[in-house]
Each structure stands twice: as structure tokens, then as C-alpha cells.
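Given next, in C-alpha cells, is a single chain: the form predicted alone.
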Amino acid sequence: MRFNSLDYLFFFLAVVGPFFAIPARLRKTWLLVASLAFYMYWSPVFILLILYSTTIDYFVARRLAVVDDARARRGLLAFSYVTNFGALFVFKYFDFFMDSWASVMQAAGFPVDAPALRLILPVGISFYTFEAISYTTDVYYRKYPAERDYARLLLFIVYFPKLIAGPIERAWHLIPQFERTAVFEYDRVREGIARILWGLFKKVVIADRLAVYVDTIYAHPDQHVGSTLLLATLFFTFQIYCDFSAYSDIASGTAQVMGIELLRNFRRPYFASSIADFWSRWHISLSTWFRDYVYIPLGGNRSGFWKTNQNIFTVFLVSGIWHGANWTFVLWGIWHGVFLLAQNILDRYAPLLVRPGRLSHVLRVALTFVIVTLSWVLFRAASVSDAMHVYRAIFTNFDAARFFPGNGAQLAYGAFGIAVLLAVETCTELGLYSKFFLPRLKPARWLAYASAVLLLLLIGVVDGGQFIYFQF
């Protein structure tokens, strides 16, 4: 069930109500049953895949806890990796690599028929696979003890608020919270529900409204000029942020109501003043996962400047592949990797060009925003050829008079949603958000809640539209 549906509202009420009513010792079981039901609502058969990988990781971790032989431990960890990444490869990447191989062979004059599985992608597989890998890796390095309670490990993997699209949790952060006895606290519950409401607003009023314009243009980019494509790309820049951060807000708000804190996933990324700063603000749980389990094992920054940059580029290449089985995502990862390398080179060899004061903070934020916005073309386009057409049209076929491909009301809805978002994000960036919960502002706070609900009902796209990151 989607977070932006009535089904989820009823599910949320059905889970949270009994959660506070039942004895504390039964709450883990209640959350596990609810989480399994939540996932099976999507695809009952694929729960078997989660049980398969979790069971293997459970026994692998138990063995890692008692085995001291280095070779045996490496073998156990490798077995966990093969199990988890193997399933991810088969369901998500097998057809992509076979099709790419066939294209290369055909270009070389050796046409082949590539095998294809055409499997349905299990919902959330990229997210829970990374969580499982982080667990066994942390046990391997003795950063976290192996779980003796199978049900608790399974709950870590399937905990329903974050199951489908993150945040990508860590065992050391989430599992201990299942043991806490949460009581009903009005302020915490209110803030959690407010976060859910803000997430719904971003998804239904902003992201899904922007999607109407974006989908119209990107469905046939060859039929539009650069100005229209640029506007659609700008709209997509805010659409994908509102869509993905909305999921994170609803997930975190849901968990917060029940006294559980999920990892932070966004920190106003479009206020970033560099590409490095952007990735410290965007999809933070994924960025830190790659830092801890790819970048640092590759050597991190311990082997000199150029080796460090090679490691960074590798991380972004893998990040692009993680996002989707399409060359557009690979190029998107390369794009960010190249610009981050360029930033590092300038910082090292031409510091006068980039040091604060030479280029104002506002201009650096604007430049970073332009780079990120143009990168989203690769993320949104259906193919590399479509993306190249969009770039060519933006820079060579710009017609400012053709911003309206149909109903101009969609442009007004989009501009309104972006304006609301920027107003809220600006206040938060300036540290004013906490003041919103001061007692004297209670009337303004409830007015804001009521206005959000009214706008949800009046102009929200309430068809239960898919979250973008569900495809990953």
C-alpha cells in the first residue's frame, strides 16, 4: 500500500492504536506481524525472498560471532554477499547486462540472442539488500554483535515505515530501539503526525502536480523545444526531491509516533554550496552507506590524492548503477563523480578560485543547483538518446515563448508548490523551524495544519501515484 493512499491511513491507525495498548513485551511481535502484512500487501510471494536472505544472514552472523579463523570468516562474509547481491543481480541487473553484452557483440559484427529473464522487480529489494549487507559486514568487523533473536533481525529488515524506500537503516541504530518501552507522549506524536502531513503535502500537492507537466514533456522530448524541456527539467528537480523526501518524512513520522527514530535522509540539498555538500544533504543514508562499505574499504583517503579521487569516482559509478538498470543512471553517477573530482582538483591546485569570499555563497549555491538540475535530465530521460536530445534542445533550440504545452494551470500549480517548498526550506535553513512549535504560536501552527489539509483536498493529486524511488 502506498503512503499516499487511504489504505495506508487505515493501516497506520490499525497498527498504532494497539501498539500503545498492548503490553510492551508484545510490541516487537506486533510490529513484525504488521510489517510482514504491509510487505505482503504489495507482493506476497516476494516475502519468501526476504525470509531466504534474512535466514542465511542470521546463521552467517551467528557463525561469525564464534569463528576466529580469518579465512573462514572471509568465506562466511563472501557467502552473505553472494546471497544478497546475487538475488539483487538476478532480479534487477541480469537482463540489463545481457542486453548490453548483446549490443556490444552486435556492434562488433557478432549478433547474438541474449537470454532474458523478464522478472518482476521485488519492491524495496535495493534498500533491504543494503541493510542486510551492512548487518553482516558490521558483525564481521565486530562493530555489532550477532543477533540471537531471529524475529528481531527480521523486524530490522522488514520494519514497515522504511521497508520500501528507506532510509537505509543500520542494525546498531534501529534494533536497540525495538527494546525501548515507548509511551504515548503528546508532543512526540504531534510532531510525528506533523511530519507525516508535510510529507503528504510534498508528495500530493507538489510532486504529483509537477509530475503532470514533467510527464507530458518527457514522454515525447523530441516534440518540444529547449525552453519547454528546461522548464520540465526544473520541475523534475523539485518533483524528485519532494517525492523522495516525502516518503522519508512519512516513514520517519510514522516511526516517531511509535517512539522510534529513523536515520535522517535529507537536509535541504538544494541549499548545497558544492557537489560534495549536496551529497552530504541528499539521500544521506545511502551516501553514508557507500562511504562505510565501499569508499573506506577501497582505501578511503589513506592512499594519496589521486587514489582518493579514484575511490570517490568508483563510489559514484556504483551509486549510479544502484539507482537503476539503465545507462542513463550510470551516466548520472559518472556526472556527479566528475564534478566532485573537478571540485577536489580546484580545491587542491587552484584554491584562490574557490575559497569563500572570491565567489559568494549565493553564487556557489546557484552554480551547484544548475549542475544538479542538469544532471536530473539523465535521471528522468527514458534513454541516453532522449537525454542527449534534451541537452541539445536546451542549448541550441531555446524558445522562451513556448513554455505552455497545453493547460497553463499546471504551470501555476507547479510554481505555487515550489514557492511553498522554498519558503519552508528557507525558514528551516535559517533555524526558524523550531520556533514553529513555541506555545505562543499554537494558533498559527494549527492554521498551517488546517491549510495543508485543505490544499491536499482541493489541489492535491489523490490518485495514489507511485513514489519514484519504488522502482529502485
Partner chain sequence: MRKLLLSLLAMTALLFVLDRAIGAGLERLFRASENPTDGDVLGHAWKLRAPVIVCGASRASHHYVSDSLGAELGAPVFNLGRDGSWGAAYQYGSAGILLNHYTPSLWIMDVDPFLVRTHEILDRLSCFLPWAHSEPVARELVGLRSRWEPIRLLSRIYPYNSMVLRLAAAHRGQDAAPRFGFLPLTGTMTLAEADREAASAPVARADVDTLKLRFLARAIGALRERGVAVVAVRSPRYVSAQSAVARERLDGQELERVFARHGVRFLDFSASAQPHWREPSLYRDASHLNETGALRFTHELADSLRALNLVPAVRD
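Note that the structure is predicted; figures quoted are calculated from it, not measured. Positions refer to the first chain, counted from 1.
There is another form of this protein, the form predicted in complex with its partner chain, and it is not shown here; the text below is about that form.
At a distance of at most 4.5 angstroms from its partner chain in the predicted bound form, none of the three residues F79, F156 and F379 contributes a non-hydrogen atom. When contacts are judged by a 4.5 Å heavy atom cut-off, Y52 does not count as touching its partner chain in the predicted bound form. At the 4.5 Å threshold, heavy atoms of Y41 reach its partner chain in the predicted bound form.
In the predicted bound form, its partner chain sits within 4.5 Å of a heavy atom belonging to F184. Interface residue remark: V123 is not counted as part of the site for its partner chain in the predicted bound form, having no heavy atom within 4.5 Å. Residues with any non-hydrogen atom within 4.5 angstroms of its partner chain in the predicted bound form fall in just one of 26 to 34, 66 to 74, 43 to 51, 443 to 451: 443 to 451. A single residue from the set H336, R170, R209, H224 has any heavy atom within 4.5 angstroms of its partner chain in the predicted bound form; that residue is R209.
Interface residues of 266 to 299, taken as those with a heavy atom within 4.5 Å of its partner chain in the predicted bound form (partner not displayed), are absent.
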